[in-house]
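Okay, here we've got a single chain as structure tokens, the form predicted on its own, with questions on binding and movement later.
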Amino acid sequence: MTSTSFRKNLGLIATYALWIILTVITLLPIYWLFAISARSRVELFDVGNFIQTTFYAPNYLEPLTDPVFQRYLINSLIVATSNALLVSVLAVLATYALSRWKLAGSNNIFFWLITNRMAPPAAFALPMFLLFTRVFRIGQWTMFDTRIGLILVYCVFNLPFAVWLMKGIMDGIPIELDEAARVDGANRWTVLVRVILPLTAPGLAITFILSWIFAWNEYLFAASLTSVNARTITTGLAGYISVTGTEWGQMAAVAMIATLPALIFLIFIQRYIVMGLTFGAVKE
């Protein structure tokens, strides 16, 4: 074996070793979360037992059979899915109008949209609470502790990100396609439906996925703008901490359950993620 091939093999081994180490570091918290969720209260105090060989089913069965937890889970599914659908539709329409029609001041509008993501979410918590409890009021009804309230709040933060993501994707489509369709007699709506949407499908998929995950994982506004009826699964985790102690096993089990929908989502449409993130990255 020559010195060149030896260095090449050594570099390959080092690369694989580095990736293995990074994979272990990434998966270790997930494994430890599962290990905690699979242990009884007695086993949790066995700090020397790193390898999990048992499974304590009540940690999963009790939350799943609890009507309160079921309501939290349904709320999360409804809020995240509705928000992702609304954000995807609005992002496509807004980006198509601002990017393809070349409206006056469109660049300033794009910049203004992204400024909504610059401030920390905590800065909006108190103003949003006052809006929901005092301003958006019809008689005794307010938007506080409602699913529609959470959906609209998440749109405020997810829509700018979605618009900028769709802008990069839509800018990668040659404008000549629009012009050719217009010459054939298509109006702007037909161009959007027949030309733009099929070409931006991978990007639209990644926009929907990321918006869904952001809404599913959000905690701050779900905790401050809800109390009982619209609570989500992320806020439900705090319910396992009380003055009498913390149900670590059930909390970890609920956390594992909360990660499953997003994980399943990503497994089935992971190819669209790669396509969407690289769409328009290279232009002729």
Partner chain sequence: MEDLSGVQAPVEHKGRKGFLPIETNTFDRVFISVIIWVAIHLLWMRFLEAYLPLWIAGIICLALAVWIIRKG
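Positions refer to the first chain, counted from 1. The shown structure was predicted, so the numbers you read here are calculated from the model rather than taken from an experiment.
We do not show the form predicted in complex with its partner chain, though everything after this point is about it.
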{"item": "4.5 angstroms heavy atom contact with its partner chain in the model of the complex for residue 207", "value": "no"}
{"item": "Contact label in the model of the complex: residue 200 to its partner chain, heavy atom within 4.5 Å", "value": "no"}
{"item": "4.5 Å heavy atom contact, residue 195 and its partner chain in the model of the complex", "value": "no"}
{"item": "Partner contacts in the model of the complex for 101-118 (non-hydrogen atom within 4.5 angstroms of its partner chain)", "value": "101, 102, 107, 108, 111"}
